[in-house]
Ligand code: HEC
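Here's a solo chain for you in structure tokens, the form predicted on its own.
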């Protein structure tokens, strides 16, 4: 590229960056926005009603932001979200804030052992820690078959143990309600929900039988134990 073109491009990028709105994460604002989400998804994003409302805690911020934009643009139908997600109630900055906040919530599956008679034992801190526990009920199916099938077909995208991939915005599947996962399978098969916008007609799950998916979900329900 010729020097004058490089200089012109550099000037343009500098101008663009100066005009772009600055964004800075504010955890207090994220917590405040989460008060709205908590009505359905729980105080710590743990979801509720056996998966009617999915776990959103710990999901990649890129993934959360993408889904919120899809809800707001009415490209992912969801009646429960309609009243909470429009341009006025959920502007772009709020989407960034709540996405970062939710990604940072860690839900444990068990608490480390403690000695309650230890002079330094803090009962209140232990109580608060216990509120961030989440253990998905064991789902029906063949866990070993599900594990093998998952590792062969799903692990390259969703991680070896269903933990997702934050840098790529791929959601975690382990620790998610099985009922919710089944609903997403149905929507993906019916193309109510699109897996990849670049391939909207992709038949992602058509090659899997219900029994195979059941086995995968059985393993996922144990993957974060």
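Positions refer to the first chain, counted from 1. Note that the coordinates shown come from a computational prediction; the quantities given were computed from them, not determined experimentally.
We do not show the form predicted in complex with this ligand, though everything after this point is about it.
Undergrad: With the distance limit set at 4.5 angstroms and only heavy atoms considered, check whether 36, 40 and 170 all reach this ligand in the predicted complex.
TA: Yes, all three are in contact.
Undergrad: Would you classify residue 80 as touching this ligand in the predicted complex, given a 4.5 Å non-hydrogen atom cut-off?
TA: Answer yes; at least one heavy atom of residue 80 falls within 4.5 Å of this ligand in the predicted complex.
Undergrad: Does this ligand come within 4.5 Å of any heavy atom of residue 52 in the predicted complex?
TA: Residue 52 belongs to the contact set for this ligand.
Undergrad: Is residue 184 one of the residues lying within 4.5 Å of this ligand in the predicted complex, judged by heavy atom distances?
TA: Close contact exists here: in the predicted complex, residue 184 approaches this ligand to within 4.5 Å, heavy atoms only.
Undergrad: Indicate whether this ligand has at least one heavy atom within 4.5 Å of a heavy atom of residue 154 in the predicted complex.
TA: It does: once this ligand is placed as it appears in the predicted complex, residue 154 has a heavy atom within 4.5 Å of it.
Undergrad: If you check 147, 84, 132, 100 against this ligand in the predicted complex, which one has a heavy atom within 4.5 Å?
TA: Selected residue: 84.
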